[in-house]
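Have a look below at one chain only, the form predicted on its own, in structure tokens format.
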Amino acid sequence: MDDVLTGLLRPKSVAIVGASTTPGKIGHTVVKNLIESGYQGGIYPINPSADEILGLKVYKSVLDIPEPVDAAAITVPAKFVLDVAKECGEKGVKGLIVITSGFSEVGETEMEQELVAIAHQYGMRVLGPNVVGTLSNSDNLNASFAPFLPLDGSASLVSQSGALLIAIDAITYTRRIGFDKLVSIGNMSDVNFADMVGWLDEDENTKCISFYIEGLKEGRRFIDESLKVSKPIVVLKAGVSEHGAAAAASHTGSLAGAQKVYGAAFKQAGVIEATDLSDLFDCTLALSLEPPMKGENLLIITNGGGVGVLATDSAEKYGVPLNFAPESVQAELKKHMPSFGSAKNPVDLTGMAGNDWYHDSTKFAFAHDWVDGLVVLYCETAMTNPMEIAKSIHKAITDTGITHKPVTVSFVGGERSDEAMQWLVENGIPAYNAPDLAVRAMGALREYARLEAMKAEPIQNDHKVDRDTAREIIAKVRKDGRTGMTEIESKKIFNAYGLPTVRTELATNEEEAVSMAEEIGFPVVLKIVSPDILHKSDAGGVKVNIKDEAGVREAYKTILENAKNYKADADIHGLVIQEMAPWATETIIGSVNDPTFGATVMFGLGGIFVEVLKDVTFRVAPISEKEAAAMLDEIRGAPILDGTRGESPRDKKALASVLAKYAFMITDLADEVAESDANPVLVYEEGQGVKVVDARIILKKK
């Protein structure tokens, strides 16, 4: 564990620089909170004009403190913070909790950078600036201006929003969802989410890591660190406005927005993304108390048909659709219900179900090998006591001795049901006040298992490539003063990385076009080649299915005329003469250099309507072939690739291989390539491969 970060987040002593004698001021509140939280370490208020605050001796400077100091909570005005940081460095402080605002969030970026430089000069880390502080139940530490320690629990939450962290602190008591630690991360001038992932993974009091994120610094490092952890991570991402689309030159650039790229990155990192604040709490509760659901078979037990139907709908929605239980399982479950009950799935014990039926059916189901996860639902009735039902369920689970399978519970009722659910949570079983929430929680546990399996998949980095050729082509384009590559140049780079392109030749006059068409063999395609015309179809620069010499001559003249009408000063290199590939399913593969995560790969159904349909999915490159295969199944048009309406299945294996190679290419050339796409990529029947028909690469401006 990082000793410096530990000193910052679990300090054995805290100095409060800017401690105040005036109640209500932040410098007074932090001292008061440290005392009232029962903190057993040294508390050292710093104020040059006071002698005592809340019964504690006050020091004029951190340098005057006789004992070692782990963390300094800084509340002085921004203009004094740099001097304070230097004194803390001289004192040997491990970390600075900079509560003070007035840095990069108001444009004072240079001052913030200088603060970090001073801290690093002395081996310190900086939390903030512009933070609420840090709270830890296991250390009785409230080094913040949040009102109190949160309800105790086994998750830890890090928030980029200070105001939200204070609200969450209070919500833990109303929602009865506990946290061991709450950390405000503020401007992330130094300590960021990537740092917190690794540190919390080693914290023995944290079983689930939760984040509220508005934006990441070191996005690729966040992925790398998340892939290493052994604990579940759940994230609520806010601020998902589209970025970069206005200036995009490729299809991919116009489709790549913050929400899609962040979502893809989280999935790749093995992170579960919450939909809202309530969902963050619900997922955190389940992930902090239960193991992942490693199989596909979810069983639901209920005493009411209505909640069973709602749960069934939710199971489909959250990725754990129900299967009927085997006959042998149904036969046993029928022993614990009246004849008009149902043992299929959901298992409806009916409203007659009491403590014994709940206990016996739950115990049997949870212990059965067929069951991978169990959801137990209860509707409050006049004949039953919710607390006794809760204790029956808990006893059934503990009686089995099983700890490798998850269970979630929902009670629908009044105050008695609420009390029973609170008791269940306090005794280690996540409970929710609606059936869909219990199923959503199980969905998160199933998603966690799937993401963990995907994390273990190796990425192939030993593809046979011709880097020299690719770099030579890029150098020539740079020498010409261009960033846009021609189709010919783009395809040569694709070929250098083993991507299968259709045969393509460049003709600079009509006679060459005819000769090349005859050599390739009819039918052929003619396309304009110009770095100034990236979207050839828009310019009338494409003619397909040309079957003879006369067609070539006519198409050659028409395309040139269209191009000049579209952009009179376009630099025209000639026309592409290309084999007319047989019809197949059109897909698109693309890339964009995302400002947060770097090289990012896209996949979707291709053709001219890709920007209208927007049926695409993303990953941060590079990716494994298994990850590539998962992308193929994520788009709405996935059934087309599987074969639909009499069509044969497409060659998804070959397509996944090409997608993985493409992702490797854009990673390898990430220092040069800004955007690229291959559209269409034709996908043939199983075993017949794929062909890249058109290719485009746009280089970074340097």
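Values in this document were obtained by computation on a predicted structure and should not be read as measured data. In this text, residue numbers run from 1 along the sequence as written.
There is another form of the same protein, the form predicted together with a small molecule; it is not shown, and what comes next is about it.
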Contact segment among 345 to 353, 127 to 135, 327 to 335, 223 to 231, judged by heavy atoms lying within 4.5 Å of the small molecule in the predicted complex:
127 to 135
At the 4.5 Å heavy atom threshold, is P48 in contact with the small molecule in the predicted complex?
yes
Whether V106 contacts the small molecule in the predicted complex should be assessed with a 4.5 Å heavy atom distance threshold; does it?
no
Taking the shortest heavy atom distance, is G521 within 4.5 Å of the small molecule in the predicted complex?
no
Within 4.5 Å, heavy atoms only: does T21 come near the small molecule in the predicted complex?
yes
I need to confirm a contact call. Of I166, V514, A496, L437, which residue comes within 4.5 Å of the small molecule in the predicted complex, counting heavy atoms only?
I166
In the predicted complex, which of the listed residues (T100, S490, S288, Q578) lies with a heavy atom within 4.5 Å of the small molecule?
T100
